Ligand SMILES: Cc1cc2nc3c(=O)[nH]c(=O)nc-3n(C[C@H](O)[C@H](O)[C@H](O)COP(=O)(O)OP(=O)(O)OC[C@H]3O[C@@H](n4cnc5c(N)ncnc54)[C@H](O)[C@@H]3O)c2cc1C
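Shown here is one chain on its own, the form predicted on its own, set out as structure tokens.
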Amino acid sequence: MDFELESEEQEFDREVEGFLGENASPDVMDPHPEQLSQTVDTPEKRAFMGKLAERGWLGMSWPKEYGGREMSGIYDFVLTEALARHGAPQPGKGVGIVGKTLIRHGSDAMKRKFLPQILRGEIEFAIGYSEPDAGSDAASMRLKAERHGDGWILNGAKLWTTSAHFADWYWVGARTDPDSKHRGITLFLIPMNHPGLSIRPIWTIGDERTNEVFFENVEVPGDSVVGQVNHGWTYICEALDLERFAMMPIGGLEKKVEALCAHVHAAEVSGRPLREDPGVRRRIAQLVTELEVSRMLQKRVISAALKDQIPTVQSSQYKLFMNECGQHVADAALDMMGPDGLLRPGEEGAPLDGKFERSYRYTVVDTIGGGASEIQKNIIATRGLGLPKNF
């Protein structure tokens, strides 16, 4: 199978690279990006997203009837990877998770309301699945949604909602049938400033803010439901497959490997070039090989997505392997840098301004976002290999 970009796709890649060069800004681009850090959490980043929208680069693969251009999904991939390489914010949840799910399952009213705003880069979403007692097992969520006239009243809490403090809308799952696990969940779209919603910050090991969100008698109308009542788990599973791919571009990991190779090429230890150490050379070769395997696994996801398939197993394989590769790169970097590698960003003498010290901590977060690594292994085992769920 030929995975090389066609000439038109290569031209688009060059166009995006030129745009990013012209719009380079420390207010928008993270010099040391991590997988989940490229969010639209400031006015400057929202303005940048508006520039992408003006060029028609948001939702390029959406159907024309919903404002898209019906271009091949490979163009979305090219854009996302270029943004990742430059540490720029990602279109992410709105275009890939919320938008595509609304196109498949949303009401006409929801499509008219949200899809144009997404394509204009005007709106940001938070995703609410995990709870204090339902982390990796999202199907065990207990956030209660009870009928109240034509609408619903929600009570409970969500955990690890990373975008809650800057998002406009909450894409949240709630239990509408207490007697059924998977068939008792419904998806809602709720404004983040809704009365009864409160947010409390949680800071991760990677210096990234996530949040707890509390619901206290949050009353919403019936048209807040996404799709059909009690069908939310099906939509969530589809969205998680999209999330694992959309949230995990490989461009940032490529830049890390490049930075580590450049450091090894230039550094000396006890007066000898680090690049001449056979153990270091072996380890670099292993990391470059793992990076290439990650690329191939990513292309399997792209191949399935371009065929309008839901790449469940492929997404899990890619996310699991690529996250572990990121950890291996950060671990190797700190080993090769010695004690100085433990200096944090901004501290005097920190190699590469502490890039890999932060990465070492942040890659732990990567293994959780979008579904923990253990969940990915279960998906691969049961859906990919056909193993029984209890073995």
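Numbering starts at 1 and runs along the sequence shown. This structure is a prediction, so every number in the text was calculated from the model and none was measured.
The same protein has a further form, the form predicted together with the ligand, not shown here; the description that follows concerns it.
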- Item | 4.5 Å heavy atom contact, residue 378 to the ligand in the model of the complex | yes
- Query: Is residue 160 a contact residue for the ligand in the model of the complex, using a 4.5 Å heavy atom cut-off?
  - Reply: yes
- Query: So, in the model of the complex, is residue 118 in contact with the ligand at a 4.5 angstroms heavy atom limit?
  - Reply: no
- Looking in the model of the complex, any heavy atom of residue 350 within 4.5 Å of the ligand? no
- Which one of 130, 186, 101, 312 is close to the ligand in the model of the complex, taking close to mean a heavy atom within 4.5 Å? 130
- Note on the structure: If we test each of 303, 204, 230, 234 for a heavy atom within 4.5 Å of the ligand in the model of the complex, the one that passes is 204
- Looking at 5-13, 364-372, 18-26, 379-387, which lies within 4.5 angstroms of the ligand in the model of the complex, counting heavy atoms? 364-372
